[in-house]
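In the block that follows, a single chain appears as structure tokens, in the form predicted on its own.
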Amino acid sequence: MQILVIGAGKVGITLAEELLSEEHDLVVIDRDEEVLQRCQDTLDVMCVHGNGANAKTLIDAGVSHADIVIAATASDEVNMLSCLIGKRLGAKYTIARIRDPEYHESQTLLQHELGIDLAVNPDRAAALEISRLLRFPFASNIESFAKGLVEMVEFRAQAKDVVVGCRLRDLNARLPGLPRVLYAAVEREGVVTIPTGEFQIEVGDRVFVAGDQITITSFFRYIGRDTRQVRKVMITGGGRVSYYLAKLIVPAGMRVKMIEIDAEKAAKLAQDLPQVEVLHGDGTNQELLTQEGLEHMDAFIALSSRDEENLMTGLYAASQGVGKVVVKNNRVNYVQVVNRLGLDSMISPRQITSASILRYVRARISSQGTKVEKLYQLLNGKAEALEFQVPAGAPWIGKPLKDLRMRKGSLVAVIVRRSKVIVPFGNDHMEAGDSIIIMTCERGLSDLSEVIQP
């Protein structure tokens, strides 16, 4: 596909790398010549110097032949205007990154009036992910599918877990009371596996299990994980993610204490979030954190603008016995090191943005076939969970899963049929209209026929 990426910042470059890996033709537009030169030196893309909201710049970049225009500059206004002009000049689809809470309330109207096909708000999406983690404090990561009916939850296997050291096919016979979940993916020493019945979970493995919300909760209660609800939350950093998060979790009955170093911003947050206790102070100051009752918190969320500060304060909170610690971190190269230190729950708005846009791009590769409805990159992009809807007349309908030929490294993880969640085994089958979730170690899959053959 012909794709224009406007903005060669961190998000734009991350997107360009992902889209190039899926063999799309890219043009990158930016106003900064030095940034463009670095982009051209490292990526196989055409670069155009100029303002993405300028019609001449877009024409020079070939917008009339573009399948998709992605506006990902630091300015919401430039992104929206770029999409409007791009659509008028012939682009088929447009995507805009829109972050400001001021635009959130009227986002649907703005999309309609400006011809924006997809608006991505990475800060609110990050807040939604954190709010899910606070609902399931025993989890390292949570993804939601099939309109919230299916949860895919990550945890790190411990020596006390009853599922450790037993073949997956033998678990139910050995533990008849164990709730039936699907073991969707496992990472061990950096290698990701889509497990078969012969697989055995070992201590230290990062494991993804899938099922409905009640079953998942029962599973973790059975293996002895703490399923108590989070009531008291401390947040450091008063940016957009913090604002959206407070708006989501306060109505759920959580008491929130927020620390912001900028006095003016702290005063504004206190005014906008009257039910939140907003403090002016340095969230990296351990004495301040202790003074404000860190050790009595159920959860600590580090959301400052600096990844290093988030990681250090997160590690300190964990050392003080806080049960749930979540940190914002956009640096993928930090993940393995930090996991070894005991911080498993990390949120990256940049990766959330990239995954949302990739899902949209894949769904529009062609107008035929069965397209991706939802996509999540798991385990630092080493695995993907894809949601499809089974079309009427598909050749695999009614056939037992054990008789289908699956792409190597892929697995049907969950079937949702008329709001009922089915964790499938070999004798289960698919029906027209089912939502199915595929786990795969491959990248770039966009059609169900690429995964399953009759």
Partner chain sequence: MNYKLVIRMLGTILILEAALMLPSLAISLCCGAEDALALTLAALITLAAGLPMRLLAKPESKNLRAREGFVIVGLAWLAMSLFGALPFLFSGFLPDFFDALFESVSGFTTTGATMITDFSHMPMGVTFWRSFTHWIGGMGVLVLTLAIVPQFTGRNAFLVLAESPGPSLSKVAPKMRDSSKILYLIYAVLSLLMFVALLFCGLNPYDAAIQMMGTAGTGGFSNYAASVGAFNSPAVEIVVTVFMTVFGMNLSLFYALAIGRWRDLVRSEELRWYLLINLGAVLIFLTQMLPLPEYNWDFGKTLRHACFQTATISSTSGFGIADLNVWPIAMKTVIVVLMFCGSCTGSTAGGMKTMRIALLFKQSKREIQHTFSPRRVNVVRFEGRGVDEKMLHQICVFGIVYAALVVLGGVIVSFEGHFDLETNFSAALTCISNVGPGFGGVSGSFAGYGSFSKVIFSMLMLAGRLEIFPILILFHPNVWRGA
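Residue numbers count along the first chain shown, from 1. Computed from a predicted structure; not experimentally measured.
Although not depicted, the form predicted in complex with the partner chain is the subject of the following passage.
Which residue among Met406, Met46, Val35, Ala55 has a heavy atom within 4.5 angstroms of the partner chain in the predicted complex? Selected option: Met46.
Can Asp25 be called a contact residue for the partner chain in the predicted complex at 4.5 Å between heavy atoms? Asp25: yes, in contact with the partner chain in the predicted complex.
Evaluate Leu20 for contact with the partner chain in the predicted complex, applying a 4.5 angstroms cut-off between non-hydrogen atoms, and reply yes or no. Heavy-atom contact with the partner chain at 4.5 Å: present for Leu20.
Would you classify Ser419 as touching the partner chain in the predicted complex, given a 4.5 Å non-hydrogen atom cut-off? Although the partner chain is absent here, Ser419 would stay clear of it in the predicted complex, with no heavy atoms inside 4.5 Å.
Is Gln40 near the partner chain? Define near as a heavy atom within 4.5 Å, in the predicted complex. Although the partner chain is absent here, Gln40 would touch it in the predicted complex, with heavy atoms inside 4.5 Å.
Just to confirm the contact call: exactly one of 391-399, 419-427, 46-54, 66-74 touches the partner chain in the predicted complex at a 4.5 Å heavy atom cutoff, so which is it? Of the options, only 46-54 has residues within 4.5 Å of the partner.
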